[in-house]
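Read the single chain below, which is given as structure tokens and is the form predicted alone.
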């Protein structure tokens, strides 16, 4: 019997993914005035969603976090593709997602602690 189910593993993978995304956003903001810098983005939701749909613990555990250059972002004349409005919105959205993941994880941990009489 496993103590942590697929959902718990998915929550951990999603928190790791949002953390990586936050790092990429911070790098984008730090390089907003760097000529030639191309905006970076992080993706993990598609692979994680497919692993969850298949109820595959190993696939959830191995969810890859892919950081890549955003080829669709408009490029300014100096070759930089960072838009502060896009980064600010992404940072806010990502922060809310991380807070929601932490809240769900905390609630699930509380349930486990209650079940083992540790509360």
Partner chain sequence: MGLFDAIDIAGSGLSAERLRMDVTSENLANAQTTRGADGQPYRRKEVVLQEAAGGARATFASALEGAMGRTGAAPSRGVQVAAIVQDSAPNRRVYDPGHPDAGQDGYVELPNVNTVTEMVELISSSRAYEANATAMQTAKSMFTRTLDLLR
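Worth saying up front: this structure is predicted, and the values here are computed from it rather than measured. Residue numbers count along the first chain shown, from 1.
Unshown form predicted in complex with its partner chain; subsequent notes refer to it.
Not displayed here, its partner chain is kept clear of residue 57 by more than 4.5 Å at the level of heavy atoms in the predicted bound form. Its partner chain is not shown here, and in the predicted bound form it never comes within 4.5 Å of any heavy atom of residue 74. Contact annotation: residue 35 falls within 4.5 Å of its partner chain in the predicted bound form, judged by heavy atom distances. Interface residue remark: residue 29 is counted as part of the site for its partner chain in the predicted bound form, having a heavy atom within 4.5 Å. Taking a 4.5 Å heavy atom cutoff to its partner chain in the predicted bound form, the contacting residues in 8 to 24 are 12, 15, 16, 18, 19, 20, 22, 23.
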